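Only one chain is shown below, in structure tokens, and it's the form predicted alone.
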Amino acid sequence: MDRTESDATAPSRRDREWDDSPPTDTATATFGLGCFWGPDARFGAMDGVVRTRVGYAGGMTSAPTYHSLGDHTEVVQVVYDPTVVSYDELLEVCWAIHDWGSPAHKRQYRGVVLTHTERQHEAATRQRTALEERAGRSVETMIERLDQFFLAEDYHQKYELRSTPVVGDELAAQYGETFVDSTVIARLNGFVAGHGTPERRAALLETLDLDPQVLAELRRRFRSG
């Protein structure tokens, strides 16, 4: 799909990146890549990702929780704008940020691509095969069709941001029920974890009306991330 804006009046990529109003057409990808906090931050920092959530999937246990996970796996679910970032590009990040060559010591942390459509399944299988051919060894990450996704507890959502002193509580209170699904919050969660360029971090802060103490702490994390 052509990613250029054909309409001269359409918002720029930068405008859309900080916009909490999702585009009309989005797609969803789901990955199990070990502990879900890190992947949540990594994908959240990506241009074209609209929102991220962490949760549990890939098993048969009903109503899993963190302390009663059953046979489920920790996963991150990514809603994205396919005119900005493709599923293949998300897959490339998937392979890069987890140990695909070793079996997980627990099912909770296994590597798995949970596909939503037949096209996703074919793309994941194609990339997995290509990776095995390049590496000359087996890829232990499984490719399965997603059955159901269970949202994880609030304290797991946007963990890097929630664990930032002052910032997490302030933003959770300000955004309320929209905290988990906010594009801005997804970006900040990724940026405080060290992802994204200094230019993108600064550009986002320019758009936010936050308490000076919160902005100062975000800038400190951005520098140390």
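A residue's number is simply how far along the shown sequence it sits, counting from 1. No experiment lies behind these values; they were computed from the predicted model shown.
A second form of this protein, the form predicted together with S-oxymethionine (MHO), is not displayed here; the remarks below concern that form.
The single option of F31, F43, F191, F36 touching S-oxymethionine (MHO) in the predicted bound form, heavy atom within 4.5 Å: Comparing distances to S-oxymethionine (MHO) in the predicted bound form, the residue within 4.5 Å is F36.
Which of 143 to 151, 81 to 89, 123 to 131, 108 to 116 lines the interface with S-oxymethionine (MHO) in the predicted bound form (heavy atom within 4.5 Å): Heavy atoms within 4.5 Å of S-oxymethionine (MHO) in the predicted bound form occur in 108 to 116.
R53 within 4.5 Å of S-oxymethionine (MHO) in the predicted bound form, heavy atoms: R53: no contact with S-oxymethionine (MHO) in the predicted bound form.
S-oxymethionine (MHO) contact in the predicted bound form: H156, any heavy atom under 4.5 Å: Residue-level check for H156: yes, a contact with S-oxymethionine (MHO).
Residues within stretch 47 to 74 having a non-hydrogen atom within 4.5 Å of S-oxymethionine (MHO) in the predicted bound form: If the 4.5 Å heavy-atom criterion is applied to S-oxymethionine (MHO) in the predicted bound form, 47 to 74 yields Y66, E74.
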